[in-house]
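The chain below stands alone and is given as structure tokens, in the form predicted alone.
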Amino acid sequence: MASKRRYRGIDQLSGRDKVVVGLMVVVPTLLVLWLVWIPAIGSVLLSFTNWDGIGPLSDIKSVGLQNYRDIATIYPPFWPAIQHNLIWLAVMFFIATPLGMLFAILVDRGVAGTRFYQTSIYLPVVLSLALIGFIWQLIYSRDQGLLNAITGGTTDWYGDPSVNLWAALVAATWRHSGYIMLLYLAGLKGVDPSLREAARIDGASESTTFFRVIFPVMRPINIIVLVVTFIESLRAFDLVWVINKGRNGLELISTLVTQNVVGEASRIGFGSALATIMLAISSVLVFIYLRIAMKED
């Protein structure tokens, strides 16, 4: 009966409505294919070639898995980039995310000056990471920075490879915690107040109520936060590129892709192999998220 009603509803559409519905389906599909799937598939195919971006496509020669072997064996920045991406993920997951959760809890409780705190914490989210890099340059500058002026030190926070990764992570945490706060704040607003009331009647403390009652209820938000944090950590690019183009202690997979694809070397095939590795890693958690979401539906 349901299928008959559905077909009857489609048959009742006018010719103009059918054209509009068709365009609403076809146009977004073509855009996704053109802007997402075709470039992704093209990158995977080019990763098995030695194309340098110069000359016709007919000159492209297949090299099999040579690019991947070279990346793993004779490309020095690759393994430091993997390590830096893992450190970036750990800091975002274990520091920035709990910090954003804490901000969301405080704002949700309605502490004095809630609107001011909410705006102040969320403000970095609307700024690009490139702009945030410039803002923190005013703090980290060796000669004129606020931090060295206060401490009396002469540390080059962006130039010293032993500290520049951590300096960049502080700036990234400043932005990421605001985004996480927004996600968790939306989740907290959607929690049924009766759950908190029932926990309060049972004598549960606020911390017990949150971790035993509220937090499990926000499972969909937790999964979204996990996926967002993972992908943001993997695709971190703007901030480190503004600082020093991903060199001298700030190597990341995303910057290595850019250096090889649009840099002076113009090794499209090699850069595509790096991009494919990045795509494969990010796809794992996305696949897990989609599987969980489909099970819940």
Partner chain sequence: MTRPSNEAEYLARMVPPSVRGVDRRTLLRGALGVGALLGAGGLAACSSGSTSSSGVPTGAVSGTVTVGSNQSDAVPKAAVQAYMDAFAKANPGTSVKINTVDHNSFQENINNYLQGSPDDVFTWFAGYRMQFFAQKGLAGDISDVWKNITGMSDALKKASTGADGKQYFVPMTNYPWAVFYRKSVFKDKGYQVPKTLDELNALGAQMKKDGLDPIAFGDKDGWPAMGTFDQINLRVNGYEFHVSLMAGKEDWTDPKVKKVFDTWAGILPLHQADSLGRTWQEAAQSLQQKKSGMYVLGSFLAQQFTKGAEQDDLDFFGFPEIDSTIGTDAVEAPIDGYMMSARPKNEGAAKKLLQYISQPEAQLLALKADPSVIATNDQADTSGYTALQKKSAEFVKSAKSITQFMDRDTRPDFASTVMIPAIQSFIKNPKDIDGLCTSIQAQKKSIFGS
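Keep in mind that this is a model prediction, so the values were computed, not measured. Positions refer to the first chain, counted from 1. Superpose the two forms; the largest set of C-alphas matching within 1.5 Å is the rigid core.
There is another form of the same protein, the form predicted together with its partner chain; it is not shown, and what comes next is about it.
Specify the contacting stretch among 202-210, 175-183, 125-133, 89-97, defined as having any heavy atom within 4.5 Å of its partner chain in the model of the complex.
Result for this chain: 125-133.
Could you check which residue among Val26, Val262, Val32, Leu45 gets a heavy atom within 4.5 Å of its partner chain in the model of the complex?
Contact check passes for Val262.
Sort through Gln144, Thr119, Gln83, Thr151 and report the residue having a heavy atom within 4.5 Å of its partner chain in the model of the complex.
The residue in contact is Gln144.
Looking at its partner chain in the model of the complex, do all three of Arg109, Gly187 and Phe230 come within 4.5 Å of it through at least one heavy atom?
Not one of the three qualifies.
Hey, in the model of the complex, does Ala236 get a heavy atom within 4.5 angstroms of its partner chain?
Judged by the heavy-atom cut-off of 4.5 Å, Ala236 is well away from its partner chain in the model of the complex.
Does the 4.5 Å heavy atom contact test between Ser62 and its partner chain in the model of the complex come out positive?
No, no contact at 4.5 Å.
Taking any heavy atom pair closer than or equal to 4.5 Å as contact, tell me whether Phe215 reaches its partner chain in the model of the complex.
The answer is no: Phe215 has no heavy atom within 4.5 Å of its partner chain.
Taking any heavy atom pair closer than or equal to 4.5 Å as contact, tell me whether Phe103 reaches its partner chain in the model of the complex.
No, Phe103 stays farther than 4.5 Å from its partner chain in the model of the complex.
Counting only heavy atoms, which residues in 146-184 are within 4.5 Å of its partner chain in the model of the complex?
Sequence-ordered list: Thr154, Asp156, Tyr158, Gly159, Pro161.
Superposing on the rigid core, do we see a C-alpha displacement of 2 Å or more at Val63 between the shown form and the other one?
Comparing the forms between the shown form and the other one, which are aligned on their rigid core, Val63 does shift its C-alpha by 2 Å or more.
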